[in-house]
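Encoded as structure tokens, the following chain is the form predicted on its own, with no partner shown.
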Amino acid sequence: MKNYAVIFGGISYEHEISIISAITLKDVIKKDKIFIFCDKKRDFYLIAKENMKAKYFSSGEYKKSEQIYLKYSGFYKKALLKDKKIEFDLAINLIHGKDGEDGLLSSLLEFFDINYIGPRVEASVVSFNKEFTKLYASSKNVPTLSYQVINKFDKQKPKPKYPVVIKPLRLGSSIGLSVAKNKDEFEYALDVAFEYDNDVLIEQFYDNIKEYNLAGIKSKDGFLYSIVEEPKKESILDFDKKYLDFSRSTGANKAELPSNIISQIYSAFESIYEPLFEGAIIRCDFFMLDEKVYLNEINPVPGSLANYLFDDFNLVLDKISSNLPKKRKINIDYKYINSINAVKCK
């Protein structure tokens, strides 16, 4: 039986979203679990389950909790004679955006040899940058919409064919995202996006485009999928529509799609997932235009781990827990140095 350490918070524009995700999973995950909060100073705190309330963090009251720290094989707390290890079997990366989805936390956990559910370093790098995502998808023969990337300091700005979508290159949760229908709106949208990132991605906006989401994992028994969700939206999923209701545990809008479209979505998901995202519960967001499926984004740490899309989320945790990527063991025995010393001593 596995018990989990849910790590959340981090330094990110999505810091508060991570807190909401963790509070949501408090009652969703049925097995034993502990909660580890990373604050804006990157200090870690062990949070009691009864304190998992939004105000506990916004008020700074969390600082009354026990502070813990990382070292080899786990998190520890200070004790009188000997530091005491915090007991858990697997960590769950629940930090959205920077720190959690850019590979920083993955690097820390791997450096300290801690088993975890979440994207590995390379997967994080690919999915955190929207241009890298498109290049990766292309290498897997998964189509994406055409795009441009511009830098804040470029002297010449493009003159796109309106309407267009403007997105910060390295940010999720639809933060900083805008639709521009003319030059004035475009220039304003750039100013907004550049508040969050020095690089911005521009895509054509299609009013008739459909959007579908699919979450899943690869287990020893093969792929385990969520429902295909058709998000309820107007013209575009902004921050409020996308995330202020993701704390729900039920109520996802299952898409009614023909089998050939479902097959396209499954095939694209599998191509994206293997082998880079093994060990993570991911959600891929797809577009459909003229009966063709395009990858929009990869969410390597989706809101509330997309638990509301699965029939049995605890089964998903069980399955992925038993199919984490194997670590390559390196034996350091100083044979080379010892052989040199042996020769010198002759």
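Just so we're on the same page, rigid core means the largest C-alpha set that superposes within 1.5 Å between forms. Keep in mind the model is a prediction, meaning the values are calculated, not measured. From 1 onward, residues are counted along the sequence shown.
What comes next is about the form predicted in complex with another copy of the chain, which does not appear here.
- Each of 98, 194 and 276 is positioned with at least one heavy atom within 4.5 Å of another copy of the chain in the model of the complex.
- Interface residue remark: residue 289 is not counted as part of the site for another copy of the chain in the model of the complex, having no heavy atom within 4.5 Å.
- At a distance threshold of 4.5 angstroms between non-hydrogen atoms, residue 104 is in contact with another copy of the chain in the model of the complex.
- Residue contact check for residue 269: none of its heavy atoms lie within 4.5 Å of another copy of the chain in the model of the complex.
- Contact annotation: residue 11 falls within 4.5 Å of another copy of the chain in the model of the complex, judged by heavy atom distances.
- The single contact residue among 144, 129, 204, 174, judged by any heavy atom lying within 4.5 Å of another copy of the chain in the model of the complex, is 129.
- The contact with another copy of the chain in the model of the complex, taken as any heavy atom within 4.5 Å, belongs to 139 out of 182, 148, 139, 260.
- Only one segment in the set 307-315, 26-34, 47-55, 279-287 has any non-hydrogen atom within 4.5 angstroms of another copy of the chain in the model of the complex, and it is 47-55.
- With the core held fixed between this form and the one not shown, residue 335 has its Cα displaced by at least 2 Å.
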